[in-house]
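Single chain ahead, written as structure tokens, the form predicted alone.
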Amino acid sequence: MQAFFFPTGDALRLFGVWRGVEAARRVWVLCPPFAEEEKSARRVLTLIAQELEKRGESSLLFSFRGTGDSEGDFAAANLTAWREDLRAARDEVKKRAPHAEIALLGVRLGATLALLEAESLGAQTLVLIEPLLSGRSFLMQQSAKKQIRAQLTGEAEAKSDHSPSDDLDGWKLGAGMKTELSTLDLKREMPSFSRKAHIFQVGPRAEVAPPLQHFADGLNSQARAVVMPPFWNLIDYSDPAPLLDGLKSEVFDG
């Protein structure tokens, strides 16, 4: 394992963790979810990286600018810049393993960004874990959570409307990020990906929700339900075995 910083096109440095084996035929770029969700998802992504290393494959787990240990101001970040960060991660992978296939695995917003960039990055394999289909719905959910927390803690009077919040769990949304999230809608505009995508729903339901299955149909793929807590929302440890088993059977052993 090697922890290091690597450059972007605008002189910022991103923090990454490389786990590699020599002459790996496939290298994975692991894309974390949005801001606060990244902290809870970190352990599961690390376990995925360790499983890949056992299988003779390499990976780069990185943080988008303004998050984790990467440089940059979160309030100045937006989805366009984060897509550029994903390209920088691909470039770093190609430096380290120029002859390996590129694979992308993302969680939540990280999955959405991976899909948006998969074709242009030349990804041969794409894994989407609970991809974020609507940025506006995400903002509305986060705003509702903030209002409930305010009511429970008495920190502030909860707002009566459900307009997207400019603050998400202490992360200040800049105008660019808010605008791009508000217009993000994969149900309306489906990106193209010419190869097979592997899609996983994570939560208490054993059946795939219709919106996600419809999304999977648009990618000529099949979504799989993994019954386990949504790990990106948890403070406590969650056993990732159901997800790891699904990845092994559907992707890694395929």
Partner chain sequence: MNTDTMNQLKTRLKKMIVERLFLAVAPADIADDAPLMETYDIDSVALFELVVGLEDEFGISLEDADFQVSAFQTVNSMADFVSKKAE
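Residue numbers count along the first chain shown, from 1. Note that the coordinates shown come from a computational prediction; the quantities given were computed from them, not determined experimentally.
From this point on, the text means the form predicted together with its partner chain, which you will not see here.
Triplet Ala11, Gly66 and Gly72 all within 4.5 Å of its partner chain in the model of the complex via a heavy atom: No, the whole trio is out of contact, none within 4.5 Å by any heavy atom.
Contact assignment for its partner chain in the model of the complex, among Lys178, Arg83, Arg96, Lys145, heavy atom within 4.5 Å: Answer to the contact question: Lys145.
Interface segment, criterion being heavy atoms within 4.5 Å of its partner chain in the model of the complex, picked from 97-105, 131-139, 73-81, 114-122: Only one stretch qualifies here: 131-139.
is_contact(Arg205, its partner chain) in the model of the complex, heavy atom dist at most 4.5 Å: Yes - in the model of the complex, heavy atoms of Arg205 and its partner chain come within 4.5 Å of each other.
Exercise: Ile235 in contact with its partner chain in the model of the complex, heavy atom 4.5 Å: Looking in the model of the complex, residue contacts with its partner chain include Ile235, since a heavy atom lies within 4.5 Å.
Partner contact for Gly218 in the model of the complex: its partner chain, 4.5 angstroms, heavy atom: Flag for Gly218 set to no.
Heavy atom of Val227 within 4.5 Å of its partner chain in the model of the complex: Close contact exists here: in the model of the complex, Val227 approaches its partner chain to within 4.5 Å, heavy atoms only.
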